[in-house]
Structure formats: structure tokens, C-alpha cells
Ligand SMILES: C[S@@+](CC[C@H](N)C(=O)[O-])C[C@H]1O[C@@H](n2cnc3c(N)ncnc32)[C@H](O)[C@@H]1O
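One chain is shown next in C-alpha cells, namely the form predicted alone.
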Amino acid sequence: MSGFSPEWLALREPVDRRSRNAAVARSLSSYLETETSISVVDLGSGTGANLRATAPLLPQRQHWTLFDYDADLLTVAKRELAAWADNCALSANGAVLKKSGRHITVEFRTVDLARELDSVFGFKPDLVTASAFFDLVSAEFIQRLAMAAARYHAIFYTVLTYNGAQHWMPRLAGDDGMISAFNRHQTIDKGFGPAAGPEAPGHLADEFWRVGYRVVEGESPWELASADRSLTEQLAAGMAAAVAETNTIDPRVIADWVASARTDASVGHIDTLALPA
């Protein structure tokens, strides 16, 4: 599952990378500092941005399995990873990459995670990771994932889970209503049952605590300024389209809101690291 265009994912990738919580990332790296190799599964991997950002935190030898519902995005991922690597050898369903002294093998798998989550753990991962994913899934899916990770004693690390906080500048009278309607839209079924939406970070922490993990959290907000104008405009347009689907805000209010120029925006996210006891 991804459901996003390569163009949108490319536009957000540099902002995602700079927004990651450095303290949470250091905690992951420190936990693994004595390891020489690691097996990783990436859920809803899109074009491979999470691999590109996370690989520098991990041991020298890495094996990644990228799972996404969209086969076309996995094709883009293969191309983008080949361009990112210092050296790359491609095969029909995989790649062998060398990047900054790391040896990274990659498999690409098309999967419906809502129905085939157990298949992910057939790869016996040491680390389960994702980016901007868990606000789209259900609380029940998060519970199943935490229980499965615990069975395999897998580390869990996810970044940029939306937490419902937004601030736009300059402020408009319609901001609060638009944000509230958007957050309601985030709970609509995205293919996994009623989505956790802004409550997802809390569900992640609760479920991993429940299975005995140590949980580390940190804020990772998008802070958008004039240099991010294209992303800000697309974010506002996407938000307006989502709000329109709720039928709770006057279409004229939505049109006025999305047409208003914004200089800055902040969108709240949480990074979550869960470590086996």
C-alpha cells in the first residue's frame, strides 16, 4: 500500500529527511552499534526514501525487503536506489547496492499488507520500519503488528507519523475548521479498516509497551517556509480535497482557504522506536 504518486513522494523526501528526530535516530544507531549485519523490512516503502534515510544508521551489511501494494512505485524505487548508490547491480526482483562503505541487498515485493502482514515476518526481520504510514492503518493493524514483532523480537522504527497538529501562516479564520475536518477525514478506511489517523502515535506507543518493549518517541514536524512553497501548495490542495469529501465545510470556504497564499506551515509528526526487552 502506498497510494501516492512518485512526484508527491519525491517532493516530500528532502523535507521528510530533515524533519526526522535526531535523538530517536541516535537511539536506534546506538542500540545496533555492536552489530555487523541486519535484516530489515520496510512497510509501504514507496520509492525507497526510507531506505535512503535509514541506511546510514544501520550496520555495514544490510538486507532490505521493500513491501508496497503499488508495483509501479517499486519500479521507481529500484531506479531511484540505483541512482542513489555509489555502485549498483540490478536483477529482476532485487538490487545489490554499495553506498558509503555499506553493502545493501534489496528485494522488492508487491503485497497487500492489510491481508498479508504475517508474510512480512516470514523474512525474519531484525528491524521493521516504515515512514509516514501508520496514521493510514487501523488501531487493530497496529496491535497485530506489535504482537508479531514481539514474537520475532524485532526492533521497530517508524518516522513521520501524523499527529493531527497543524499551524498555517498567516492564520485564517477558517484554519481550525479545516484542520478539524481534515483530521476526521484521516480516520476514514484506507484499506486497513477505520484508520488510526492522528491517534496513531499513541496507539503505537501503547501497543509496544503492552508487549514489553521499551519505547522512545520524538517529535518530527514539517517546518515549511518559503523554500518549500511547492510542497506547501500541494499540501494545501490535498487537504482541501480531503475536507471536501467530508461534506462538513461550505465549498466556498474551502475554495477561499486553498486560494489564500501561505508563507509558512507546520505539520506535526512523531517518530517511534520500540526496542525488545
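In case it trips you up, residue 1 is the first one in the sequence shown, and so on. In this text the structure is predicted, and so the values were computed from the model without any measurement.
The same protein also exists as the form predicted together with the ligand; that form is not shown, yet it is the one meant from here on.
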Contact segment among 125 to 133, 199 to 207, 75 to 83, 92 to 100, judged by heavy atoms lying within 4.5 Å of the ligand in the predicted complex: 125 to 133
Distance check, residue 12 to the ligand in the predicted complex, heavy atom within 4.5 Å: yes
Contact test in the predicted complex: residue 176 vs the ligand, heavy atoms, 4.5 Å: no
Interface membership of residue 70, the ligand in the predicted complex, 4.5 Å heavy atom rule: yes
Residue contact check: residue 111 to the ligand in the predicted complex, 4.5 Å heavy atom: yes
Position in contact with the ligand when the complex is considered in the predicted complex, options 243, 40, 235, 49, heavy atoms within 4.5 Å: 49
Contact set, 245 to 264 vs the ligand in the predicted complex - heavy atom within 4.5 angstroms: none
